[in-house]
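Quick setup: one chain, the form predicted on its own, written in structure tokens, and binding and motion questions come after.
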């Protein structure tokens, strides 16, 4: 079992405190996700943005969370589990580096990282990470979005993406596409908006509405040579290698957010029905899941390329979180979703986590790969 060092215990305590502020904003952001002006300058969201920015790109170092917030996968898991217990939706609604930042950190040159972080330094710029495509889900190897050679130099981005957080209001992001048929030709491009040929539209979602989940279309969006990430890296590490490492961290982080929603539902039942007989059992299940996540995050820190451990964690924890919200709905009785708006929101939000950064079917393949079919004996 992974024991938290003092700095991480302090981080956990701080996140528990600021989660109260996140919860106070949850229903307002869910109802009006495009109206974030009243929230972005809050101390909590400002500190979250600062803490998720590498120190060399910070204009100041004023963060509630200290240096440990993004120092490791374990730190991210510890923080996100507590913050999402306040509300996961508003975490997705905040500006800042987010998933695109992890991709730029893994694949970007020093100049590209500088460009990315300076673009979001105003605290008013959302980022986006575009991998998933309609009819292909999270099977990245099947993507059809293309980077076609531009006779004038660079590339032209053509295709479409779907289920991309904050793209409809984004200012800069990372889009994955392929320059050829093989897996090694999948590359990541830094796209800064506005850009000719780029179109984004808001999708009608019932969960995590603060994330402004979007659909994207690209019609000859120009990508300059210095906007293609990973050119300074060996060919085997330019595209899917970096994406895989991003996914391993994000799967653990998303599982932590799902766990936070599960703990929120459990805590709400404890508050509303303190004598409910199922409280101890659900508490034990959630605590065991948290211990699993801590162990998996520590494993990722030691072995960033390990896909199996984060897949196991995300598969288990996202399912448990759904069970926890259903349990809470049952515990609070008929009409509970109408009487308890926060619980109703959590019951909508929790289903989104299964589909983020690897659906359950993809995760099962990571855990137990299908063996290659044997040819028939001649």
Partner chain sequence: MLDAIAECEKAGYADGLAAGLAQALTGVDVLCPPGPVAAVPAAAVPAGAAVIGHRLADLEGISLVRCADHEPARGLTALGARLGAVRLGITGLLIERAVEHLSGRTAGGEATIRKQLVAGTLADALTATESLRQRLLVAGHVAVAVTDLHDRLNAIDWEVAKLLGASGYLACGPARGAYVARLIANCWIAREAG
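Just so it is clear, the model here is predicted, and its values are computed rather than measured. Residue numbers count along the first chain shown, from 1.
Beyond the structure shown, there is the form predicted in complex with the partner chain, which is absent from this document and is the topic of what follows.
Heavy atom within 4.5 Å of the partner chain in the model of the complex - residue from 226, 139, 148, 306 | It is 139 that has a heavy atom within 4.5 Å of the partner.
Only one of 284, 291, 235, 135 has a non-hydrogen atom within 4.5 angstroms of the partner chain in the model of the complex; which is it?
-> Exactly one residue meets the criterion: 135.
At the 4.5 Å heavy atom threshold, is residue 336 in contact with the partner chain in the model of the complex?
-> Close contact exists here: in the model of the complex, residue 336 approaches the partner chain to within 4.5 Å, heavy atoms only.
If you check in the model of the complex, is residue 101 within 4.5 Å of the partner chain, heavy atoms only?
-> Residue 101: no contact with the partner chain in the model of the complex.
Mark residue 270 yes when one of its heavy atoms lies within 4.5 Å of a heavy atom of the partner chain in the model of the complex, and no otherwise.
-> Residue 270: no contact with the partner chain in the model of the complex.
4.5 Å heavy atom contact, residue 205 and the partner chain in the model of the complex | Looking in the model of the complex, residue contacts with the partner chain include residue 205, since a heavy atom lies within 4.5 Å.
Decide yes or no: are 65, 76 and 264 jointly within 4.5 Å of the partner chain in the model of the complex, with each residue judged by its heavy atoms?
-> Zero of three within 4.5 Å in the model of the complex.
Which single stretch, out of 77-85, 160-168, 90-98, 115-123, brings residue heavy atoms within 4.5 Å of the partner chain in the model of the complex?
-> In short, 160-168.
What are the residues of 326-349, in order along the chain, with a heavy atom within 4.5 Å of the partner chain in the model of the complex?
-> Stretch hits, in order: 326, 329, 330, 331, 332, 333, 334, 335, 336, 337, 338, 339, 344, 347, 348, 349.
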